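A lone chain, given as structure tokens: the form predicted alone.
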Amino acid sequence: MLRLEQIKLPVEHEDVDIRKAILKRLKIPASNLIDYRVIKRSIDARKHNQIRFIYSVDVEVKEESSLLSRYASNHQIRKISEWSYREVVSASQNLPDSNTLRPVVVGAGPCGYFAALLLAQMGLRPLLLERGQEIKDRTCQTFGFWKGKCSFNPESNVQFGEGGAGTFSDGKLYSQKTDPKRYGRKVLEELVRSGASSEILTLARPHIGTFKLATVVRGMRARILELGGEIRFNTRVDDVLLESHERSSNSRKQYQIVGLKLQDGTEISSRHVVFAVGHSARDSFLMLEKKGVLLQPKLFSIGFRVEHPQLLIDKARWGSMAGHPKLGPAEYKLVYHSRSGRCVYSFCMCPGGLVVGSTSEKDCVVTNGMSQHSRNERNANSALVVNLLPIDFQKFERWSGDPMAGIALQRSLEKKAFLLGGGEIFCTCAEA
């Protein structure tokens, strides 16, 4: 299999033009092309009068070795290896008899659901615990809060509940990380199997969209259950159960997790627990810290949401081709590096979307952006954030490197924003 990069075509092109471009790039007759598959499609809009689609394709050809020899110095034509993922069909041989060895996943967000799915595919029948509601009830609660018809629910909201914070978002599926082992491809394929559009397999900057995400979440739940997993909603973990052991080498105690304690007092035995609680489960972080679990502070960025007409962004990016159906709503990315060491940049840009209230705690203001799959709302929005430095956390630290200092800083700003906004208990989607 060969990978061809940087196949450039004008906006007005058909699928047959991709095939012609492959034949032209490789300089082979049509009879030598066995098959091809588009791997990535992006847009080059650096010149408004010459916008191009850029394709990467995998090609199966006859006489591959001779082509590789001919184009040995061309970095845009290279050989790639075949790959696949293996699933365990039957769980009977992999599941231990003891319930204490059954893996438990805490949190049903993207991380938790994928952890549970992979464990289920390995035949280990995981137990997934989620403090919030399943997607149908959670959607009613969240949209009711946004419309001012429901009070805030600290246990089930934009952050907590089936699907996690990602359910009510644009559903972006890309990063700037290298991925030599193609784990990202595995994620995309699993999302498609669960109901996402197959276009996410090829778009350079794929997204699912809010309403489609609900379908995908239900699809992942069904697949975990089919493979023998179990999922419990409205089930909050309040404590971890530890067992101590003496280490003969230095007489220091070593602790082994042996279970979890739920809010209602129920105890669940397990020696294998995945905590996938997201960034807003602050009570869980505090609980783990009190139990002596090592937590490492991590720098992050903070800012606010900006909103502007989508047509303005389309014209800035596409020029006279703004509104072209093949281009769709435009995105942007802004970065500014100051001499002080601060970096201001745009993050999570949502074309044709809405700014929504996303707090997970009472009397706080947190915002996020979301888009439907069509991205057809009249406004665009993005976060405009600045990186924080260690000096920013000093007034909130109990000791140097305090892992809770970041949370204290966040809470301080979120509560101030709530008061400056008038202290209203309801929230509505921003549409201005």
Ligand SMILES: Cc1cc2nc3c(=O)[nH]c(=O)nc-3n(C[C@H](O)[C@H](O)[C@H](O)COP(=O)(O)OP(=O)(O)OC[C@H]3O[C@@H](n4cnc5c(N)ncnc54)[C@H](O)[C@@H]3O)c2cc1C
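Keep in mind it's a predicted model, so treat the numbers as computed, not measured. Position 1 is the first residue in the sequence shown; the rest follow in order.
One more form of this protein exists, namely the form predicted in complex with this ligand; it is left out here, but the text below deals with it.
Q: Kindly indicate whether Leu23, Lys62 and Ile77 are, all three, within 4.5 angstroms of this ligand in the predicted complex, using heavy atoms.
A: So, no: the whole triplet misses this ligand.
Q: Which residue among Arg102, Arg218, Lys315, Arg236 has a heavy atom within 4.5 angstroms of this ligand in the predicted complex?
A: Partner contact (heavy atom, 4.5 Å) among the options: Arg236.
Q: At 4.5 Å between heavy atoms, only one of the stretches 351 to 359, 336 to 344, 68 to 76, 222 to 230 reaches this ligand in the predicted complex; which one is it?
A: Heavy-atom contact with the partner occurs in 351 to 359.
Q: Should Gly406 be classed as touching this ligand in the predicted complex when contacts are defined as heavy atoms within 4.5 Å?
A: Gly406 lies outside the contact set for this ligand.
Q: My question is simply whether Asn379 lines the interface with this ligand in the predicted complex - judged by any non-hydrogen atom within 4.5 Å.
A: Because no heavy atom of Asn379 falls inside 4.5 Å of this ligand in the predicted complex, the answer is no.
Q: Wondering, does His279 line up within 4.5 Å of this ligand in the predicted complex on heavy atoms?
A: Looking in the predicted complex, residue contacts with this ligand include His279, since a heavy atom lies within 4.5 Å.
Q: If we define contact as a non-hydrogen atom of the residue within 4.5 angstroms of the partner, is Lys172 a contact of this ligand in the predicted complex?
A: Contact with this ligand, yes.
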